[in-house]
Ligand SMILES: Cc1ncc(COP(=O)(O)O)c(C=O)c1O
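Consider the single chain below, provided in structure tokens and representing the form predicted on its own.
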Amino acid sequence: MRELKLPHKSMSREAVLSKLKSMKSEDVDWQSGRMFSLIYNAGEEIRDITREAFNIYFMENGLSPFAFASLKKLETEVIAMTAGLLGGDTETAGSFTCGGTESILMAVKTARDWAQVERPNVRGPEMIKAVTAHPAWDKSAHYLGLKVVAVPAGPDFRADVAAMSKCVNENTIMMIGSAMTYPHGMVDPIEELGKIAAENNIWLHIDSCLGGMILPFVKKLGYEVPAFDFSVPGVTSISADLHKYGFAAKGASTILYRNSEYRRHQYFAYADFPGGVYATSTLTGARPGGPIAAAWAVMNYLGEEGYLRLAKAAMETTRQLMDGVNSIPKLRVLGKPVATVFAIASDEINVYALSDALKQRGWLLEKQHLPASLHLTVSPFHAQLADRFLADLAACAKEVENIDSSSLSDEAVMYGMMASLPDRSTARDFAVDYLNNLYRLE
């Protein structure tokens, strides 16, 4: 591994920016709309307003609501607007975070500390979730000392409520429902989970990081969306990302609670520091002002009217794509997705080979396993590319019908191998070793 030191001499502004642009040119061209993950593309007009708002606050620090009172105002208004979309009322409280993982981590921390007060007889706190729930729950439980009880999803790829109910015991403090699940775009049976949570004094969190800023508008457009938010009795908290279908700049997420008494358990305060009383609402200390301002700006710029327009474009495109996939021989959409996220699978075609073939034509689809499938998150921008994608998908499916597995890319081989490993700890170790080697100075 080579050594790199801070440059002895200063570089010119032009040289620095030129170097950055050169390096960036090797990244995926997401602005073309030919990828179906990571970026939520609503077009240049939306990016412009978020960029300008971000830059107005790009040096400000949300750590101090006294020094930057305007950021406190922006944050509280963003939280209130988000809560209003998700069945909240004037009692609903929350915080702005840097992303879905931080929102989830805060929910677990808050539920754990709530249980220490409300459920003092619990000795080893447990969380119940379906295997389709995001790994950030496992990550948070790992950090905070909870045991995760994972249950299989049902044949419809939604959480198996009966299986989750059977796992409830005296140590269960938290249950997770997803709206939507990332792999397949499903909304779990939240109303049924709410009943179980209410009957057993269990904290029920709805992970709507992916769906929180699209499902309310999909419902308003007349599509069928199962109840999933604070309108459901038993729901205690909800996470919703604004940098996904809210089209805000990264990183912008929210963690919401039914009332501020729950939120009290989220805060950390330390009164014995010589530098003064140290109190923070979320995981981070310094909090960049740019994402808060950008989220506020885009929410006000679009309003309900703008979000409905974008949701309509994304939904119509999603339905077109799903119908197109199901019409291609040997391909199918998994389950019955509710909104703008779905997965492509096949019993006869190697979908990892299909992904390789699509990549050769400039399309980037994430590979998934358990079961093998390809992930699509559809943005409004994809409306202008749907016909072209379906044509290439059909051609690539024909191309790889009888492909020799020896010709697969290293990534495709890795996914196929990881999916086939019966010992999941081996798969986990492989992933850790892969990351450990990936982040080395080249």
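In this text, residue numbers run from 1 along the sequence as written. Just so it is clear, the model here is predicted, and its values are computed rather than measured.
FYI, the form predicted together with this ligand isn't displayed, but the following is about it.
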Exercise. Taking 4.5 angstroms as the cut-off for heavy atoms, does residue 182 touch this ligand in the predicted complex?
Worked result: yes
Exercise. If you check in the predicted complex, is residue 99 within 4.5 Å of this ligand, heavy atoms only?
Worked result: yes
Exercise. Any of the heavy atoms of residue 75 lying within 4.5 Å of this ligand in the predicted complex?
Worked result: no
Exercise. Is the gap between residue 104 and this ligand in the predicted complex 4.5 Å or less for some heavy atom pair?
Worked result: yes
Problem set entry | in the predicted complex, the one of 129, 158, 243, 287 near this ligand [non-hydrogen atom within 4.5 angstroms] | 243
Problem set entry | Among the candidates 210, 190, 173, 343, the residue which, in the predicted complex, approaches this ligand to within 4.5 Å (heavy atoms) | 210
For this session: Name the stretch, out of 218 to 226, 235 to 243, 258 to 266, 110 to 118, where some heavy atom lies within 4.5 Å of this ligand in the predicted complex.
Result: 235 to 243
Exercise. What residues in 124 to 140 sit within 4.5 Å of this ligand in the predicted complex, counting heavy atoms only?
Worked result: 134
